[in-house]
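Okay, here we've got a single chain as structure tokens, the form predicted alone, with questions on binding and movement later.
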Amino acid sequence: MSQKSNSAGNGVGHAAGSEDRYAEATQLQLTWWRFKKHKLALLSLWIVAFFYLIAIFADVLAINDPQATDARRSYIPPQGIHLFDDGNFRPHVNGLKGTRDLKTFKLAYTPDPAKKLPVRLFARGYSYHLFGLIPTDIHVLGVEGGEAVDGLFLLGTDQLGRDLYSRLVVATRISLSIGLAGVGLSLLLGILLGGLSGLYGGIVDTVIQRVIEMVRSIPTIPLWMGLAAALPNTWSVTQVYFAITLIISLFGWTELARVVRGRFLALREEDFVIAAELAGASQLRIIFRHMLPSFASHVIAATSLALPAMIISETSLSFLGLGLRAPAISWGILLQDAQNVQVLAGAPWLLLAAVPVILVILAFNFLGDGLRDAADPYG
């Protein structure tokens, strides 16, 4: 009898402890606990983090210079790494030998088993600046020996003999950073203008809402074409990068602004907002210090859903020739090489540039869905 009483008491105590845990938790903790139950969103979070790690260490992960061209390496098919040689663990790749196709007279490359190039970890390669500061030439993978045509081309090469794997890794940094910078600027504009619209109301609300309607009514593709044509051809890659980021951001803040406005309209009559106004707090402090934290989880969810739209915008612009231009490297620029059906017939590996785009977009969408579901922990 006493054992049953103890077990019942333990059960009640456990339930009470769980209730206290939820009652004392912050909004961020409640959101995180519910988000962890969404397995697909949690997996997507790891995928997104993995791609951003690739972006940070792009030069370290690259094997060959992404800008180096060599006509002798044109359209080399993807190579595989052989881990064993005569029963011993000796990672290597086979060298290549060129053979002329008697029908098309094109030079095709085939593996040469007689030539084995050792694969080394943390090998030396082309020089770069780690994090833009530290000069080094260390790369995660590399090969020793071989001629100019030989090397480690995990995803093959393009028409100019450039290593597709190294270009894809470096392109990840540019495409993801444009999305992140664009969303950051859109987030600032959306919260500021949407917050002022919802907090003040009246003529301020009317003007901001009419501006939002005007921006949303402009067709994006013709607008991007006009703005891209207006960019001077003499601009550097960095200048074009910032211009594209600014263009995408200036037309991506409207949806978030409306969400923020709706939330602020509901919150501005709350007691804590009125108390902050009576205490003499400025409007910006009320927005960012008092009102915004009360629905920060919703803003995070909206941001995660806006990121894939930004990435698709940059990829689409660059693919159409309206965004970044060579020698810049982005996912859209790499996909330009996959436009020609005849080229794809002989070099289908060029389509591999679409794989990270698909993975990242899907991961961001699933992540956004999970955050949106977790944004209301009491639901």
Partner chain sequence: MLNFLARRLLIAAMTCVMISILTFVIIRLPPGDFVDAYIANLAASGSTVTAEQATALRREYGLDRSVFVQYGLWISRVVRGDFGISMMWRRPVTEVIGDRLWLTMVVSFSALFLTWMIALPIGIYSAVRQYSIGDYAATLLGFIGLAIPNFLLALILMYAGFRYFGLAIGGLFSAEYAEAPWSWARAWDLAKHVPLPACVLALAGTAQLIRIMRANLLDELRKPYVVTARAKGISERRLLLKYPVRAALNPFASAVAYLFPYLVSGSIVVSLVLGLPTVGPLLLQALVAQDMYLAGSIVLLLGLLTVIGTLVSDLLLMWIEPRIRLEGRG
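As the structure is a prediction and not an experimental result, all values here were calculated from the model. Positions refer to the first chain, counted from 1.
Although it is not shown, the form predicted in complex with the partner chain is what the next lines describe.
- Though the partner is left out of this view, L371 does not reach within 4.5 Å of the partner chain in the predicted bound form, counting heavy atoms only.
- Within this chain, R216 lines the site of the partner chain in the predicted bound form, having a heavy atom no more than 4.5 Å away.
- Looking at I221, you'd find a heavy atom of it within 4.5 angstroms of the partner chain in the predicted bound form.
- For the chain shown alone, P327 is not a contact residue for the partner chain in the predicted bound form, no non-hydrogen atom being within 4.5 angstroms.
- Segments offered: 318 to 326, 62 to 70, 29 to 37, 46 to 54. Contacting the partner chain in the predicted bound form at heavy atom distances within 4.5 Å is 318 to 326.
- This chain is displayed alone, yet in the predicted bound form one of M225, A243, V259, L107 has a heavy atom within 4.5 Å of the partner chain; that residue is M225.
- A230 is the sole member of A266, A230, I81, I274 with a non-hydrogen atom lying within 4.5 angstroms of the partner chain in the predicted bound form.
- With contact defined as any non-hydrogen atom lying within 4.5 angstroms of the partner chain in the predicted bound form, the contacting residues in 330 to 368 are L335, A338, Q339, V341, Q342, L344, A345, P348, L351, A354, V357, I358, I361, L362, N365, F366, given in sequence order.
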